[in-house]
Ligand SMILES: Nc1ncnc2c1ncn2[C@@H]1O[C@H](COP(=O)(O)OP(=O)(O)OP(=O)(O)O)[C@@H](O)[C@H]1O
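Starting off, we have a lone chain in the form predicted alone, written out as structure tokens.
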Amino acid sequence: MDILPEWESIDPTRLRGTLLVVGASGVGKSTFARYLYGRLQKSADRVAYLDGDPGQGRLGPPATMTITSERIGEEPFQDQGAVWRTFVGSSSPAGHMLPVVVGSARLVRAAQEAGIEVVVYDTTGLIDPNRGGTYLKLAKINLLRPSILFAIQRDGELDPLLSPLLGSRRLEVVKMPVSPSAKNRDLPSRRASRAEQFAQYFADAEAKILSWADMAVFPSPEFRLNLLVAMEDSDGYVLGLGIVQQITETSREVTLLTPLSSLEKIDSIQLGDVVLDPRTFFDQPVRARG
């Protein structure tokens, strides 16, 4: 990790509330967020890290968002004791902005109710205003009311978001330089990385039969083979993910490939919007939620 002087000049003792880290993919956003989280762990009593990228996150399998107050490893999928996890249902926020915004709000609120004083929120790399990136970030700002927005950009790509914010007193905007070691991976590389993370997550998975007869299925029990689903507790947080292997409509049962050891605490099933090849674990979108 290349530590920039601008990073070291930050005084972590004055940071409180929710800290939003914003930037395009490949600018070192997540590296800075992890650095900031590490600094805060040494100066604040209760700190949490929200991995809000359902496509290239590090604290959970793709299609999810996770918040934790534990130590974070450097390699992908270092799940070191997640506090809460929500299901986006896709590896992209595009077409799934409502699950991203609602999920982030629920995760931050849950952490705050548990006594967390500072939340470092590593957001997605979707910033293109033509794809809804600006509106997505503004929705998070208006809902979460962060105290500081750390903005990392190469050449003005965040200006559509920052220009109105700089004229407002609703939060402090701190511009940070791009790390010289930051690299922007192409789409095939990102897809291969997700497949590797899925493969790690399902490495010890087993086939389990789950009855949905007396269980809520969101948005509806329209199962299909190889569909990615989330099994959730009564509060709507993810217990584990599964891949649909078989559907028996007559008995209202579905066979899932899942690493979840126990099915006892499952309150509901959330259907995702991607299918996974159970051999390669490459994902393919099937639909987008409104």
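Since the structure is predicted, the reported quantities are computational estimates derived from the model, not experimental observations. Heads up: residue numbers just count along the shown sequence, starting at 1.
Below, we refer to the form predicted together with this ligand, which is not included among the displayed structures.
- Between 260 to 268, 62 to 70, 26 to 34, 226 to 234, the stretch whose residues reach within 4.5 angstroms of this ligand in the predicted bound form through a non-hydrogen atom is 26 to 34.
- Exactly one listed residue, out of S220, S181, N130, S168, brings a non-hydrogen atom to within 4.5 Å of this ligand in the predicted bound form: S181.
- In the predicted bound form, this ligand lies farther than 4.5 Å from every heavy atom of P160.
- This ligand is not shown here, and in the predicted bound form it never comes within 4.5 Å of any heavy atom of R191.
- Taking non-hydrogen atoms only, E6 never approaches this ligand to within 4.5 angstroms in the predicted bound form.
- Using a 4.5 angstroms threshold between heavy atoms, G95 stays clear of this ligand in the predicted bound form.
- Annotation for 114 to 151: the only interface residue with this ligand in the predicted bound form is G125 [heavy atom within 4.5 Å].
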